[in-house]
Ligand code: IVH
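A single chain, nothing else alongside it, follows as structure tokens in the form predicted on its own.
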């Protein structure tokens, strides 16, 4: 999208604009917008910024001020038009240009070998070329661009109809508001992708919930999907969502103009999207000959999945030749030219054997589930925080329940639900204490809070926890202090 020469030009232009007064920038609106779009690309797509945050903010505020004084100067793809105005009342149901079908799933090498056999038989070829890419664990979206401008963003919905979430999509900085499709010979295009939260941003968000004594979200996928349907676009912006775009489902060429030859292969489509300013899985994808090479790459990728900054739950294998994809066709459920190779599950079932109640440094009482040890995602889990009494009630948890436990990457374990259908009648209710389990003081819960507290400041458990916090790395960072069992 940006050649080295053009990058240098825009960087010099940025430096020049930064030295100018806002009052002198009104005549440089197009340059100002182009510079801001360039730096958004460097920051959100390449993760390699060329401006300090304060310098970007300076240019952004200058543009904002000029457009505020002259609203007629605002363009649909101006960087200022990402910010939503007010709350979204309802999400309109819209029809996808091409149905968003599901993928056939495979769970082992034998499944892939059998799928490859069928694809070769249908194609009449002895060996097929495949494009392999990560299967992102997020929320599916469909974007439409018309005459280079983002016209619509929608959720997957039922595959035929989805919700119009254009305003919320505009809050995602890795989604360009405009892209140079006309230069590629494309007038209208529908692109498929996935919205997700990185592990780091997901942890930050859950930390915010924990600070408010609220239960965390189970996994980044749920967090991303829920964020897309928030009615306050400013809150969506604060979630720091990201988007990978990985499939061209439909396009109309510009009349009388030759379209790019990259549309003839799936790998070429990914290159085109990357060059047009989208975050596509260019670094992760591989074009491989034959299913044996595909199986080897999938297995290698699974071994390194925890090193990725985002969650994936498998790999997607697609016939690379797009005309051949059209020949192979699809069923009513899934395309015959693509399949998902699912990684080993990060969920497991276990037995809830007890609930202990821990006292924090502020007196908050936290129920902790003790379960039969179970390996999940390379870690053996035996204790899971239940956060507060409301979580126990919402999930209808009982001692003796069989529970579904999930652990995504480095995220803390979480009880997804109890399996009420397999209860045998021997399960018992979880009794939340009325008095502190350490000092015996009566517990209190303010109306505006979800947490019960021990308000005895001299409670031994609180004293120990305050000392631990004081000596911790996040506070005084006193080394050599060891934690002892609370009396």
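Computed from a predicted structure; not experimentally measured. Numbering follows the first chain given and starts at 1.
Although it is not shown, the form predicted in complex with ligand IVH is what the next lines describe.
Contact between residue 140 and ligand IVH in the predicted complex is found at the 4.5 Å heavy atom cutoff. Of the heavy atoms in residue 101, some are within 4.5 Å of ligand IVH in the predicted complex. Ligand IVH in the predicted complex is approached by residue 316, whose closest heavy atom lies within 4.5 angstroms of it. Under a 4.5 angstroms non-hydrogen atom cutoff, ligand IVH in the predicted complex lacks residue 387 among its neighbouring residues. Figure note: of the listed segments 166-174, 239-247, 199-207, 347-355, the one touching ligand IVH in the predicted complex, with heavy atoms no more than 4.5 Å away, is 239-247.
For the three residues 136, 194 and 335, a heavy atom within 4.5 Å of ligand IVH turns up in the predicted complex in every case.
Taking a 4.5 Å heavy atom cutoff to ligand IVH in the predicted complex, the contact residue among 156, 398, 152, 370 is 156. Of all the residues from 437-465, none has a non-hydrogen atom no more than 4.5 Å from ligand IVH in the predicted complex.
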